[in-house]
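One chain comes next, on its own, written as structure tokens: the form predicted on its own.
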Amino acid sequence: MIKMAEQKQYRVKIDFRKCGNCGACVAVCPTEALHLDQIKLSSKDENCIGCEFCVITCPADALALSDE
């Protein structure tokens, strides 16, 4: 039997003291792991593939990834 490789699980860490809810990270996320509602940014970590597009794009340096 052939086993599929397990996808590494990533967690998006949001520093809400820095985040201005601009939505730049949401716009570049290819898997819709980030969502911006009227209150604040949130993440759906099970969708995150670890590409770091959000981290690179964030103008406030409010995002980081961990690979737990």
Partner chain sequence: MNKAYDVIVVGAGPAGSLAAKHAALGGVSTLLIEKHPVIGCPVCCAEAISTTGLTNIVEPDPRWICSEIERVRLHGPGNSKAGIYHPKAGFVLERKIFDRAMAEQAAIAGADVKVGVDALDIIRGNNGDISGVVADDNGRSVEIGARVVIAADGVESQIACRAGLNPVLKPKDIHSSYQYLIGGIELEPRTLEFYFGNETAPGGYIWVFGKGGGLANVGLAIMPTKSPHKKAVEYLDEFIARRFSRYKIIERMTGGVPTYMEALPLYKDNLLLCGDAARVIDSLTGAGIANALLSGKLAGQTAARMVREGISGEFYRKEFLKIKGRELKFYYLCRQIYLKLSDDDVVNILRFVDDIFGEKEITGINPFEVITKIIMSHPKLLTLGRHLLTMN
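These numbers come from a predicted model, not from an experiment. Positions refer to the first chain, counted from 1.
Omitted from view is the form predicted in complex with the partner chain, to which the following refers.
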| item | value |
| --- | --- |
| Non-hydrogen atom contact residue 10 with the partner chain in the model of the complex at 4.5 angstroms | no |
| 4.5 angstroms heavy atom contact with the partner chain in the model of the complex for residue 49 | no |
| Interface membership of residue 14, the partner chain in the model of the complex, 4.5 Å heavy atom rule | no |
| Contact label in the model of the complex: residue 61 to the partner chain, heavy atom within 4.5 Å | yes |
| Stretch 38-63: residues contacting the partner chain in the model of the complex, 4.5 Å heavy atom cut-off | 38, 53, 55, 56, 57, 58, 59, 60, 61 |
